[in-house]
Structures are given as structure tokens and as C-alpha cells.
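Single chain ahead, written as C-alpha cells, the form predicted on its own.
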């Protein structure tokens, strides 16, 4: 076993943005190792690679990039992997968010317990539908959009989660950007215009299904 023996130079993720594909792999490593912490003191690159159907050499390179060092024939200390991947991913510090759009999707996001597990606290939920405003979702009361500004400023909100119709998404995004919200998680089926200083992630359910359908059809053709 050769964990941790790569001689890649030190890399400070705070100074250099990591590539998206690397970040995606690190999230998978984090999830796997988190499940291992209670059961095992160490974990090897081969174990991570086998579980994720990945390449052990790639796992070692990725962990080396973020400063995780292992020992030959021993592997990595699981808590070390967890702490350093969590730090790079920003999971080790609390973040606050608001949800704009209190429909079924917005409600599901607010109630999802996994957000708190990775340090994200939803501190406000908003909707312009008078039928929804005033109702409670978990511990939060649905507020009118006019209350977005004080909630963002008072709570230091850094992330806006958009689960509203496409026609309203850009206006809300502009408003959040003007309030110095640094990231947008967009579930609306539209592309947003935002300054380079704002991170935008898209979650398009239709596109995801189209990708699944594509691979399903390829598998079906391969078996014909």
C-alpha cells in the first residue's frame, strides 16, 4: 500500500480555487470517510477507490493536493481525512441561507435535516403567495419578500436558495446580489445573470432526468 507517499507540492486551497471535478470527488470522499469514522481509525486509498468505483492513484493525488498525508501499509487517519476535506469544502464552519419560494420543493429544502449536518442553517423562507405567507415550515414562518433585506443583513446570510418560477428568479437573484449574498443555489429552470464574484450552482431536474435517460438508452442498446 502506498498511501501518502506522493511528492506533490503543498497546495493552499484558500489561495487557489480547486477544479470543480476535484471538489466533486472530495465530497464523495468526505461522505465515505464520515461513515467510517466510528468503525475504523484508518482508511486506505484502495478502500475509498473500491467503494466509489474510482482509481486509487487518483484518490492519493487528490488527498495530497489538500494536504492529507498517509503512511505506507497503514493508510490515512480517518479523522484527518474528514477534517481536511471538510475544511476545504467549507463544512467545518457554519453558513446561513434563505429559501425564496415556499412551494413543495422549497418546503422540502427547509425541512431537509442533512443541511444542518454540513453546517448550513436556513434562517428564513419567503413567498409572495398570500396563501403561503404566515404559514410555518418547521420552526420558520413564511415571510413576504419585502422582509428579505432585514433577514439577510441581521443573520449574515451568505447563500440564497431559489425554488421559485423561472420568471421571478432573475429579479430575486439581483436583489440578493445587491445584499452581498455570495452564492446562489438555483432550482428555477432558467440561467441567471450574476457577477463573477457570486457563485451560482444550478439544479435542473429536467436536465438531470435527460442525462439519466441518455445513459439508460445506451445501456438498453448495448444489451440488444
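Because the structure is a prediction, the values reported are computed rather than measured. Residue numbers count along the first chain shown, from 1.
FYI, the form predicted together with the DNA isn't displayed, but the following is about it.
Interface residue among 68, 49, 198, 192 relative to the DNA in the predicted bound form, by the heavy atom within 4.5 Å criterion: 68. Contact with the DNA in the predicted bound form, defined as any heavy atom within 4.5 Å, is confined among 55-63, 170-178, 27-35, 155-163 to 55-63. Not displayed here, the DNA is kept clear of residue 86 by more than 4.5 Å at the level of heavy atoms in the predicted bound form. Shown alone here, residue 73 lies within 4.5 Å of the DNA in the predicted bound form, counting heavy atoms only. For residue 45, a non-hydrogen atom is located within 4.5 Å of the DNA in the predicted bound form, even though that partner is not displayed. For the chain shown alone, residue 19 is a contact residue for the DNA in the predicted bound form, at least one non-hydrogen atom being within 4.5 angstroms.
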